[in-house]
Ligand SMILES: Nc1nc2c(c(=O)[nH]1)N[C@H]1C(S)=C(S)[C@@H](COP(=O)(O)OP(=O)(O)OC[C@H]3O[C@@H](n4cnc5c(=O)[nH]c(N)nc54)[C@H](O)[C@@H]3O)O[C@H]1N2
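The chain that follows stands alone, in the form predicted on its own, written as structure tokens.
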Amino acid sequence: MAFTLNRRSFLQAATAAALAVPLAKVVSAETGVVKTPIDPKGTFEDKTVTGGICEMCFWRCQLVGKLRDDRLVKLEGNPKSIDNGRSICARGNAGIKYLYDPDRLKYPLKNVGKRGAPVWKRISWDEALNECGTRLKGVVDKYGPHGISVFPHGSSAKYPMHFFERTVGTHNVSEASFFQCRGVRDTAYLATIGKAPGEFVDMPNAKAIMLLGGHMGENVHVSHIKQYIQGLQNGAKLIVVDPRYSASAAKSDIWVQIKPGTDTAFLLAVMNYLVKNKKYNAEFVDEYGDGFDEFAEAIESWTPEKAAAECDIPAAQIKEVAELLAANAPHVAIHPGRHVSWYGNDFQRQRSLACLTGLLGAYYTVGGWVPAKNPKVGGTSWKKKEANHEFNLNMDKEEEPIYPFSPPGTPTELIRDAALTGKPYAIKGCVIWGQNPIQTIPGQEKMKKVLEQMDFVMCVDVMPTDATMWADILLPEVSYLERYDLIKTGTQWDFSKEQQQYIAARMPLVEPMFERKDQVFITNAIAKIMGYEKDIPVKSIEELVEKDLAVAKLSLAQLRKEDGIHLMPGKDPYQMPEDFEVIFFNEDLEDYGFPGAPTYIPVEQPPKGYARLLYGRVPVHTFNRTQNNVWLHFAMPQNPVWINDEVAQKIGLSDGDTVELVNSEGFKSKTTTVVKVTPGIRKDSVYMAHGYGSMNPLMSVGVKAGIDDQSLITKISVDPETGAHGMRNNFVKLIKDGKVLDIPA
């Protein structure tokens, strides 16, 4: 089924879902009428509560909630917000069904079966916490603190992550947001301009915008999309480089339908063209550039013709892109991207984007890359003890880093290899908090083996994701609508307006139900049992937030008076720092044995009969975390696989056919999906949305819906500078009616 959603169908889905999936039926003795929990118990007068911060994705829009008899019935954007304003997306609206999902984890559970095929027994919090603390302490006593691994994700995972990392002392922390998402981007820009870039480019005031694989309009971040649309409405030219005709490509002035994995070659040719034809910003490069001559020499072989042959695009199009960028410089927004872990050669691509921005003089200028000037709040957490680098897996025997430009934490593959081999030491305890490593990390079967060999696995989550099937103890966490935690700071996103900053703390819109607890309660209890009571920094989540707000001379009470958002005057976003420089040729990289200038590293191409598997986002889902949401599932119940129309005709596929997938290593999808036949995908590739195909039967809506793309990503490729995973290096064939179909060359 293809993605089709409008306001009417969304509201129909919402109504049908609310009636079809009640949490509990309430029968009136007087009338015999059956009411569902979504129905108000009496009055129709709504009460508005402020202070909400969404977490249906990680953009975190500011919310208000409408209550009837203490039940949340509607979510809206906070009208005081200078970020998302009154707007929230479909996922944000559907937060109500996340909150009241009958499949949500409700009580502490103990697995009395086996990992991967659990049999759950409800236990008390005292028993659950005592077992977690005692068994984790047992791992530390037997193997040392490095015997524990931590897989965290989301704002609620920070407090426990810092406990295990800073106080217990394990290095073995792997965040999906770094090692399977944006970590490569951040470290590549650090190696080029000394700062992680974020996503804050001045699109509203740009004359040209370039997106490299950016799925604007599909991965919906509300204020981000507002910036983007404002720029287009103001007349910005749009360049989109993508193998697929994405929502962004549909709005583009130039769509570069590039061969997957060759993006760096394209960027090198664009930069070389600018340098050779003296169309770069020489004044900016002279003042702020470092190593430009070495850089220019290193890229001089990359002519448009050479890159065209490598990228399978016209040389004239490469020149057209370079000319358009030059004509509009420096008011050019070269977007750094967000999820950029693609092929295992990604550091070089991100370095290229940073250098291209420098060539155009598009740093700290109207329409260019402009970092947000956010206000300061505190960062109260566990005190950091002196780290024992002897047990840092990212250090070799000579105490040199294996991946010298790694993001924070330890590269996932180093942790998994150590766990499976016991070398250089055993890893026998695992804490999974808000992450789903079964569906976020390449090599799903390898991850299962890692978890199987653990002495103890603890999971904390809101929903029963696939990873929770591997827990010994499973703890239910309060949702973002029921807890304090995150303090979001930001600035006015349209820099052409009078600048303002904001501070907003997440505050609960409703009271928690059942026996769900917050991260401070859980972590502190485990810390006491493990012997770290004297190190506990705060007694409650409210105290943590109050301490952080106090740095800005604010309090929760004050924020409540201000409708959840404190506004203050902003700062000039275009002010160039005195020490700013663009490092075109990085000698530190060269010292570690990597190219000092951005360099193209070819990737494996599809074998005969196969197409490269690409994946991405859709507007109504966020990874696997929304797959069980009734409203969102109704809008897009499965993830169609895109295939080129000419290829489909040759192999006998029609739009809507049911298919399975099998990859070049023999791994077959456990479920099916449907075909989307389109000219908007290259012939050497297929594409599908990520996050479907959950195998946990406790996800009664999302289980086996669509295909889990991650189960087919079995090739392990690692970016050599950072240790981050390449995620798009697998090749697949389609299976129809039991027949495997070869993709023609």
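Sequential numbering from 1, following the sequence displayed. Just so it is clear, the model here is predicted, and its values are computed rather than measured.
One more form of this protein, predicted in complex with this ligand, exists but is not displayed; see below.
Picking from 107 to 115, 490 to 498, 477 to 485, 189 to 197 the stretch near this ligand in the predicted complex, with a 4.5 Å limit on heavy atoms, gives 477 to 485. Comment: this ligand is not present in this chain, but in the predicted complex one of 164, 280, 342, 600 has a heavy atom within 4.5 Å of it, namely 342.
With the partner omitted from this view, the residue of 219, 252, 664, 392 that lies near this ligand in the predicted complex is 219 [heavy atom within 4.5 Å]. Within 4.5 Å of this ligand in the predicted complex, a heavy atom is found for all three of 213, 434 and 713. At a distance threshold of 4.5 angstroms between non-hydrogen atoms, residue 727 is in contact with this ligand in the predicted complex. Taking non-hydrogen atoms only, residue 369 never approaches this ligand to within 4.5 angstroms in the predicted complex.
Contact annotation for residue 125: none of its heavy atoms lies within 4.5 Å of this ligand in the predicted complex. At least one heavy atom of residue 623 is located within 4.5 Å of this ligand in the predicted complex.
Contact annotation for 687 to 703: residues with any non-hydrogen atom within 4.5 angstroms of this ligand in the predicted complex are 687, 690, listed in sequence order.
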